[in-house]
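Here you get one chain, nothing else, as structure tokens; it is the form predicted on its own.
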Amino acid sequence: MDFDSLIQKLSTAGIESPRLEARLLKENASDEKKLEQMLQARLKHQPLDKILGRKEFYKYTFKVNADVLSPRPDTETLVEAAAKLIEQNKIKNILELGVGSGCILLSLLADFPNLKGKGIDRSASALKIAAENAKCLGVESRCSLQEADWFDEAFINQIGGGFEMVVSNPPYIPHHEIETLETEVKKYDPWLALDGGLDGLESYRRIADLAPKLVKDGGFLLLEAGVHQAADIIKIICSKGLQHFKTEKDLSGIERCIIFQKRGCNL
């Protein structure tokens, strides 16, 4: 298939960057048959990163598949905020709740050679991808991955506490809104990583319950937030004794990363 025909088919299907995607499909197809398979998947609005099996995020490249949420540029806001705090406070250990592909936790481990981390997810399939990414980035010796559900009553006993930093991009889409999302998200991202319950805040309430035990005195909790959720999340987390430290906006001006600190002495 020639390049112009490829561009035309992608454009007709409503793909926003048909020329760029045509080039990527051409570059990654081993032969014409593979190219046609990849094209047909994209015309059905399967995300390009899921077709290619990888996604650029922050400074690194991550393996992705149908079992993990595709990393979003908005989430880099959280990673950048965490990196500043790790450097300023000489943080040595970190926990991620809902590790998925590992893009948050592993980016930070790759940035800071003295940092150790733990990633929790209730999806064994997602943890497999995270483990592959940890190995690719050469941080597997400093990263432990564990299958666990933070809604389980025994979660704290399973995981422990005393982390200097806890980060999470929890599910925050209200259940009734998932069907209104674009096809690339609602059909190809795992619903476990999207569904935030009736109002989108279910996971934040549970994290608020856990945070006083998970975070050590002086430690930080960083949460990604959806549009117009910041005020509610701050109220939920602060009701359990943590202090609102700072809010970071993404490139669109949305309050995307909310930072809390546990009351107590500084690190």
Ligand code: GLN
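Sequential numbering from 1, following the sequence displayed. Worth saying up front: this structure is predicted, and the values here are computed from it rather than measured.
What comes next is about the form predicted together with the named molecule, which does not appear here.
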Can any non-hydrogen atom of residue 98 be found within 4.5 angstroms of the named molecule in the predicted bound form?
-> no
Report task. Could you confirm whether residue 67 comes within 4.5 Å of the named molecule in the predicted bound form, counting heavy atoms only? Result -> no
Mark residue 169 yes when one of its heavy atoms lies within 4.5 Å of a heavy atom of the named molecule in the predicted bound form, and no otherwise.
yes
| task | With heavy atoms only and a cut-off of 4.5 Å, decide whether residue 224 touches the named molecule in the predicted bound form. | result | yes
Assert contact residue (the named molecule, in the predicted bound form, non-hydrogen atom within 4.5 Å, options 128, 142, 122, 72) equals 72
Answer key, the named molecule contact in the predicted bound form at 4.5 Å (heavy atoms) among 109, 193, 79, 134: the residue is 193
Given 171-179, 146-154, 113-121, 98-106, the stretch touching the named molecule in the predicted bound form at heavy atoms within 4.5 Å is 171-179
